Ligand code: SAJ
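As a starting point, one isolated chain is supplied in structure tokens, in the form predicted on its own.
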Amino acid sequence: MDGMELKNLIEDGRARIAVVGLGYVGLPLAALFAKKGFTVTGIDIRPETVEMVNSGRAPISEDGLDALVEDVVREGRLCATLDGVDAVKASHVVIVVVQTPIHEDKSPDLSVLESALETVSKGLGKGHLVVIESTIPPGTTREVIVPLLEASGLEAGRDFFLAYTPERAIPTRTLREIQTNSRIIGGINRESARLAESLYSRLTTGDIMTGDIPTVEVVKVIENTFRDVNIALANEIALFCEGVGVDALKAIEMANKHPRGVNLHMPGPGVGGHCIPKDPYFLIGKARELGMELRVITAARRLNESMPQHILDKIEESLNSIGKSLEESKVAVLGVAYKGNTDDTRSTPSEEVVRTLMRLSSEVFSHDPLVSQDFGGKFSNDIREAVEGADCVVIMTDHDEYRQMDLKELQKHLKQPCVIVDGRRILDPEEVRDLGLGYTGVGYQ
């Protein structure tokens, strides 16, 4: 099959698509392509995920995803399988969207991606279009992806088409953003980029920009690195404001009204998720290979990684201010997910806070409305149970449920005196203090 034949199949909606990885991006992506009329097979290594999808249920929490999966599975447009090789053989387009985390030493861990590519290689045929959506370090396509796919005996750009278009969606808005965000697409050659552009133009109303793969690899990681550096600046400003007795949120809000586009992000208890905590290390590691040091990016990453410890320091200081110690106190941690209104706990700052408090002999009781467990301590989805008799309440996640808490009702369950450490700054300090509770937060003393 040549490029023109494949293009016609894509434009007619007759191309069969295999999506490797049914996680926070892969499953919504597969379901949306199915809703657009394509026949889609999702590939995953987790039997429970495959079973849930085939029964029309979504194994992840994302607004609208359950109903969408139920619809397209019932219509016969989406199914899931553990047999990746056969699914690839039966498809015209293969999209790989699996995790690319980092090791403890901050080096890239591409083992899951490599395993997925080995599977794809075994089923790869002439005329296939392979699209990589996983975030990767610069140079990975040339150094890792192409060799693994060409183990099939086929040549990239001649026997099969290859493109890179990194996902840009975030949990809680994944379905909407996949369909509206702009796309950057890099092709191993011009025809590969054009085929991928044809495919994604069926899915998104956003602008599509095409170029070469090395450029797109860099673009993806600098996007998230910008956010990491901006958050680090906001966090450092918050620490300074604490020192001089200024409310950092008020200062940032005023600064963001500057006529020439100041856009400071919000400070918080640390940065979590699947992209921002690791993508800067993709740049840092590649720079070191080239004999370079990225000093600003490295400093920003270290500052953001220090914020959970800052929360721990605030917990201890706040308890001491009411004559209590960590060892004799119950600490209720509100929020296990890394961000509000999602069940995603990847790289969540809450993990370090919970584990450290437990190591310091505090009684830790975590709560989250969407997550089913924490990191080894006591846990409940019932907030009243979590805060009952608490000496300190720590807000780590900006779930809507916490923003809308009835503080008077909450107070009935707390031990007196009690302090609230607001890592997300979602409560009104004056309202909390009017109830006779102690209050502190990031960027606020």
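Model, not experiment: these values are computed from the prediction. Each residue number is its position in the shown sequence, starting from 1.
What follows is about the form predicted in complex with the ligand, which we do not show.
Proximity of Arg202 to the ligand in the model of the complex, heavy atoms at 4.5 Å | Residue-level check for Arg202: no, no contact with the ligand.
Does the ligand come within 4.5 Å of any heavy atom of Leu233 in the model of the complex?
-> No, Leu233 sits far enough from the ligand in the model of the complex that none of its heavy atoms falls within 4.5 Å.
Decide whether Lys339 counts as a contact residue for the ligand in the model of the complex under a heavy atom distance cut-off of 4.5 Å.
-> Contact check for Lys339: yes, within 4.5 Å of the ligand in the model of the complex.
Decide whether Ala238 counts as a contact residue for the ligand in the model of the complex under a heavy atom distance cut-off of 4.5 Å.
-> Answer no; every heavy atom of Ala238 is more than 4.5 Å from the ligand in the model of the complex.
Heavy atom within 4.5 Å of the ligand in the model of the complex - residue from Asn224, Thr345, Thr140, Ser152 = When the ligand is considered in the model of the complex, the option within 4.5 Å is Asn224.
Only one of Val98, Ala169, Leu312, Ile188 comes within 4.5 Å of the ligand in the model of the complex by heavy atoms, so just point that one out.
-> Partner contact (heavy atom, 4.5 Å) among the options: Ala169.
Report the stretch among 285-293, 365-373, 103-111, 331-339 that approaches the ligand in the model of the complex to within 4.5 Å, counting heavy atoms only.
-> It is 331-339 that comes within 4.5 Å of the partner.
Give a yes or no on whether every one of Lys220, Met266 and Ile276 sits within 4.5 angstroms of the ligand in the model of the complex by heavy atom.
-> Heavy-atom distance to the ligand in the model of the complex: all three under 4.5 Å.
Residues from 409-445 in contact with the ligand (non-hydrogen atom within 4.5 Å) in the model of the complex = Residue within 4.5 Å: Arg424, and no other.
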